[in-house]
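Have a look below at one chain only, the form predicted alone, in structure tokens format.
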């Protein structure tokens, strides 16, 4: 437990230092400093990185708990794909009239919840990790194919809007939207902290959890709800961001060497935020030479670690 506290303290201090560096680099890139620039552009972009990293890492940790699978995550198992499909239906106008009336956030959360529910149902029918991962990839391919069909029928302006959103960006969050995303992510974090006892019980097995008086089905439902809330809202505001929700929770377990979800949740939230702040600092530093989407760097940094995890598991 002492080691866990040390890791948490180091991560929190690192996050504060990197957040300060992020603001300094942003000011250098724009060669100006004003109250308007600070509150309208710098703070929302930094908040976007912190909230997206924290929320995606937490949603990955929650999914790995209910699936009892370290390779589960909102991107790998199609939760992001479900959110992306529903957003495409809204942007391209290919959905039912009722769906077209939804905001991007509502549509993304609905798509994420349905995708998470579907993958959870499938996980009860297959016993192989490889099968579940393949099905998740197939689901992502299926939703991608539907999006491609919709693009052929949409106007060029709509296709361009969807393309920009699909690249993933930490610059899309406005100052007016920042309180909404902050509230949604904070609700997700608070909800998961209130479920620590139930999450810990699920680690030792479903039967044992029931013996301890845990309502397993309700716990799973609320976990799916929190995952949809976190992954859906972040995907709506920032676009699909890969590997964060898969890599960070596994890193948390490897370093903390515990299955207690209180330190795991806190560490995943802090390190997830730290990871995306580092990514955005790199994007700002590289901006004079190239403009990189956030998904490129998360893949470059996260994919090797995920590959290492799979090789180690074999």
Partner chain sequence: MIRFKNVQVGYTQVLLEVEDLALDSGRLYALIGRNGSGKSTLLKSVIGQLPLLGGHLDIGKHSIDQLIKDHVQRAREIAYVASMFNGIEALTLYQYVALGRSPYLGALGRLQPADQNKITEVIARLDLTRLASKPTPELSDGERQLGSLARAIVQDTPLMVLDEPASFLDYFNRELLLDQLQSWIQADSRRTAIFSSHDIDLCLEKQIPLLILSNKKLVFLEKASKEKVMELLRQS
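Positions refer to the first chain, counted from 1. Model, not experiment: these values are computed from the prediction.
Below, we refer to the form predicted together with its partner chain, which is not included among the displayed structures.
Interface segment, criterion being heavy atoms within 4.5 Å of its partner chain in the model of the complex, picked from 82-90, 142-150, 198-206, 223-231:
Checking each option against the 4.5 Å cut-off leaves 198-206.
Heavy atom of residue 70 within 4.5 Å of its partner chain in the model of the complex:
Close contact exists here: in the model of the complex, residue 70 approaches its partner chain to within 4.5 Å, heavy atoms only.
Contact flag, residue 213 vs its partner chain in the model of the complex, heavy atom cut 4.5 Å:
It does: once its partner chain is placed as it appears in the model of the complex, residue 213 has a heavy atom within 4.5 Å of it.
Considering only heavy atoms, tell me if residue 194 and its partner chain come within 4.5 Å of each other in the model of the complex.
Because a heavy atom of residue 194 falls inside 4.5 Å of its partner chain in the model of the complex, the answer is yes.
Applying a 4.5 Å heavy atom distance criterion, does residue 287 contact its partner chain in the model of the complex?
Answer no; every heavy atom of residue 287 is more than 4.5 Å from its partner chain in the model of the complex.
Scan 262, 66, 47, 278 and let me know which has any heavy atom within 4.5 Å of its partner chain in the model of the complex.
Here the answer is residue option 262.
Check each residue of 236-254 against its partner chain in the model of the complex and list those with a heavy atom within 4.5 Å, in sequence order.
Heavy-atom contacts to its partner chain in the model of the complex: only 253.
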